[in-house]
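What follows is one chain in structure tokens, specifically the form predicted alone.
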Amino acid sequence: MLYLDHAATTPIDPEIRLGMMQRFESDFANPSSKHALGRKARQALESARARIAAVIGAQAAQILFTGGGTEALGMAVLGSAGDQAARIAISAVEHSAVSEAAYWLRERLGWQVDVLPVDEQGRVKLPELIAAVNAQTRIVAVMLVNNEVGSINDIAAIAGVLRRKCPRAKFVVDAVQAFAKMPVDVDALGADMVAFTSHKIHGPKGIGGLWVKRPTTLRPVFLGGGQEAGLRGGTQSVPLAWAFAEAAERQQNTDKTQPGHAERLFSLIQELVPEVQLVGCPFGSQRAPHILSLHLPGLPSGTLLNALDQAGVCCSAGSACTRSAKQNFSKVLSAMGRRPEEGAFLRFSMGRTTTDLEIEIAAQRFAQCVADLNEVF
């Protein structure tokens, strides 16, 4: 079985899993307790916070632990809403954690939602952004790396527009697919909040993070206990925090000097199936190196996806986060002007555990599946 769906989730690093399980025995105490074991747990928690902060050039006090990326994004959007209804601008390809929070503000509190169109590569169009935001805009949310096609938005340029057009707006950035996989300096981004998570970088599920430039400006989404700067009540898990920090450092230290497996897989597939096309930006500075989104005319996505599954290749036809949603076709691809009748659209995504041999075998199995299906369709 070839697992090439790391953008959905990654297998946990075995050494991290072992270290985490050991800490469930040694660092089990409540970090808020005043006794010796509680103080030891607090020290370990704050050490993990500082290690994660260092990965993105932040201060430890700016890092809030959450249950994952979805919670971090929801906390950022809903925690930034004031007492009066205003306007929120989100890109057309945002994660459902952002879009559903925005529409909740509209339905419950009367906010206006401005949807920012994207170009054919999946990136926000700056002229349309300039036209959409104004002095009434209070929140803007744009992802750094698109989770389906890998295209990278120019977050610093977007931040520059917001400083000129709506300086009071809070700028929320989804960096879940970028965190520790590419250089991220939160100060250089110009954002107010940046969300990320552990399970995309070979860490455990159940923990994520939100960087907040000024935590005192964010309101708690729910109350109780006063943990995490009073913004997320509940007993923190020291073992999860340690595992998150360990995963972040290991991912950051991965050799990034060689072309990524995604680019290699596309090259091999295109040699065997020349009609395959790349979706999103070309490989390079405008595309995340671990995501391959491709288009194959003439075959339905579901049929090809099922054939690959039976051949032992795990990939996807879009974001796993939308499987419970009602749309039958990716909203990201729709926003980019693509349509389901054009053929198959698939996403392959790689991680630290992906090998050269797996890439070669995956390309061969892909070509065989296409050849078999072409005899039928």
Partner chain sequence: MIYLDHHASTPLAPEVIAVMGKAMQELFGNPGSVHAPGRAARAAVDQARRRVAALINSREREIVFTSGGTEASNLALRGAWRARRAGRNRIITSSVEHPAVLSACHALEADGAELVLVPVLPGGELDQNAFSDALDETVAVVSIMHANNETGVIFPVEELAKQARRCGAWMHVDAVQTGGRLPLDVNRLGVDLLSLSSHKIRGPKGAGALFVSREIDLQPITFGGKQEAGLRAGTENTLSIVGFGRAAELAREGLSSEPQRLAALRDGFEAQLLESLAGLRVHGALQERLPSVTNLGFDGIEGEAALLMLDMAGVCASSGSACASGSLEPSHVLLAMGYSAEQAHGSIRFSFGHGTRAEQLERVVELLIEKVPQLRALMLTI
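Keep in mind the model is a prediction, meaning the values are calculated, not measured. Residue numbers count along the first chain shown, from 1.
There is another form of the same protein, the form predicted in complex with the partner chain; it is not shown, and what comes next is about it.
Proximity to the partner chain in the predicted complex, taken as heavy atoms within 4.5 Å, picks out 101-109 from the listed stretches 291-299, 122-130, 185-193, 101-109. This chain appears without its partner; in the predicted complex, the one residue of Leu116, Ala169, Ala180, Leu305 with a heavy atom within 4.5 Å of the partner chain is Leu305.
Only one of the listed residues (Arg287, His261, Arg138, His199) places a non-hydrogen atom within 4.5 angstroms of the partner chain in the predicted complex, and that residue is His199. The partner chain in the predicted complex is not approached by Thr354, whose heavy atoms all lie more than 4.5 angstroms from it. The closest non-hydrogen atom of Ala36 lies within 4.5 Å of the partner chain in the predicted complex. Proximity of Met1 to the partner chain in the predicted complex: non-hydrogen atoms within 4.5 Å are present. Contact annotation for Val273: none of its heavy atoms lies within 4.5 Å of the partner chain in the predicted complex.
Residues Val221, Phe222, Leu223, Gly224, Gly225, Gln227, Arg232, Gly233, Gly234, Thr235, Gln236, Ser237 of 221-238 are found to place at least one heavy atom within 4.5 Å of the partner chain in the predicted complex.
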